[in-house]
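Consider the single chain below, provided in structure tokens and representing the form predicted on its own.
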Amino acid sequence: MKKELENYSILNKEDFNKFFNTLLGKYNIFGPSKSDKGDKLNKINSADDLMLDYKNFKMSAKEFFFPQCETLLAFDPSTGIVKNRSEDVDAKNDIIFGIRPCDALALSFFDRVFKDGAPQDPYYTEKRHRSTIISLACLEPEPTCFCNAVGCDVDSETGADIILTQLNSRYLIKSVTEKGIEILKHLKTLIPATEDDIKEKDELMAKAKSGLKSNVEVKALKKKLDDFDASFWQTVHQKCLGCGVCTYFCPTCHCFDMTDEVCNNTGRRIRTWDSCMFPLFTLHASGHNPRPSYKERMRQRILHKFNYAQENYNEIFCVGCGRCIINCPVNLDIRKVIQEILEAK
């Protein structure tokens, strides 16, 4: 157990502001703020504005690394001069503070797509290299959470550099990566953790896990999805409006469009989020659309997350955060869609 304790530290709650302000002096910190009730990542300028008693962000952490609308470069059509966005990089590195384990895991999936393969996306990669992820373990999952069904958990460490767990009177802090170890090793507010601290953490996590009530057998789904023309595709889409809300709130959806805009003598190249649920997503220049109806578009979304991602990355590109369930205007529940597919003859 002593070796296991090496990467654990304790931060007493009365020392939290001092701990946070030390980090604030060295990094730009983004996290859930009291000023917007923890709806999304905001720049935090004071420990007093940091909100740690939230359930989860409305918008996921992907928006920080992969903005909904991002100018990649600016250009002057008359002179050919191009200015790359990376020329405006801040001298300070960033800390993403307090995201939930499901969002940290989702970022590890984004890494597989944009950073770890070839070619790399330079815009995403630069932000990830500059950022340290400090996640916050879940003590009270939402009724819509089903992270345990898709390989995540309330205290999953994947994608995080440091993970915090709120104990009764203190925080248990674990360094997950070398980057996390480097940040914490000089902080004088931390004290060594004990076996009793780990035991308290394990009890809290066991209680949190017991609150996850969704028993969706996602791992059994892939065989069903191998049938491209199965009859269940005729029914699972029927409530869908095709609004794309599910993909915009999803922490792993990453489809995008590229546009060049020119006005007078200036121009810019913009990357914006796109969605496989939109009818124009696969519209060809000829006018042909291989996904003309909601059926084909819903099939694409389900297959991408639960079939193609497994084939390409050996991962299910769903972290069970439940945002698509909470925000769907017609209450289309992805868990019920999965169950309907599993029960189809």
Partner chain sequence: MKNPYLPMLTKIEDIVIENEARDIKTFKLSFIKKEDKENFTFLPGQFAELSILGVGESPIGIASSPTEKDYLLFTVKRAGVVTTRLHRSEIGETIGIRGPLGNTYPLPDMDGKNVLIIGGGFAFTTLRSTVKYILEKKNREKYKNLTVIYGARTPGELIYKNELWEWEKLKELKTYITVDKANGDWQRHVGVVPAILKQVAPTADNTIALVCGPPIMIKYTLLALNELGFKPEQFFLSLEMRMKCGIGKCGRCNIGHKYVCKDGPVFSFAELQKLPPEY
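Numbering follows the first chain given and starts at 1. Between two forms, the rigid core is defined as the largest C-alpha subset superposing within 1.5 Å. Keep in mind that this is a model prediction, so the values were computed, not measured.
Keep in mind that the form predicted in complex with its partner chain is missing from the display, and what follows is about it.
At a distance threshold of 4.5 angstroms between non-hydrogen atoms, Pro192 is out of contact with its partner chain in the predicted bound form.
Proximity of Glu296 to its partner chain in the predicted bound form falls within the 4.5 Å heavy atom cutoff.
Proximity of Glu311 to its partner chain in the predicted bound form falls within the 4.5 Å heavy atom cutoff. The shortest heavy atom separation between Glu157 and its partner chain in the predicted bound form exceeds 4.5 Å. With its partner chain left out of view, the stretch that reaches within 4.5 Å of it through heavy atoms in the predicted bound form is, among 117-125, 197-205, 147-155, 184-192, 117-125. Checked against its partner chain in the predicted bound form, the residues Arg170, His237, Lys174, Arg271 give one hit for a heavy atom within 4.5 Å, which is Arg271.
In the predicted bound form, its partner chain lies within 4.5 angstroms of at least one heavy atom of each of the following residues of 254-270: His254, Cys255, Phe256, Asp257, Met258, Asp260, Val262, Arg269, in sequence order. In the core-superposed comparison between this form and the one not shown, the C-alpha atom of Ala206 has shifted by less than 2 angstroms.
Taking 2 Å as the criterion, Ser231 does not count as shifted between this form and the one not shown: its C-alpha moves by less than this amount when the rigid core is aligned. Core-superposed comparison between this form and the one not shown: the Cα of Asn265 travels 2 Å or more.
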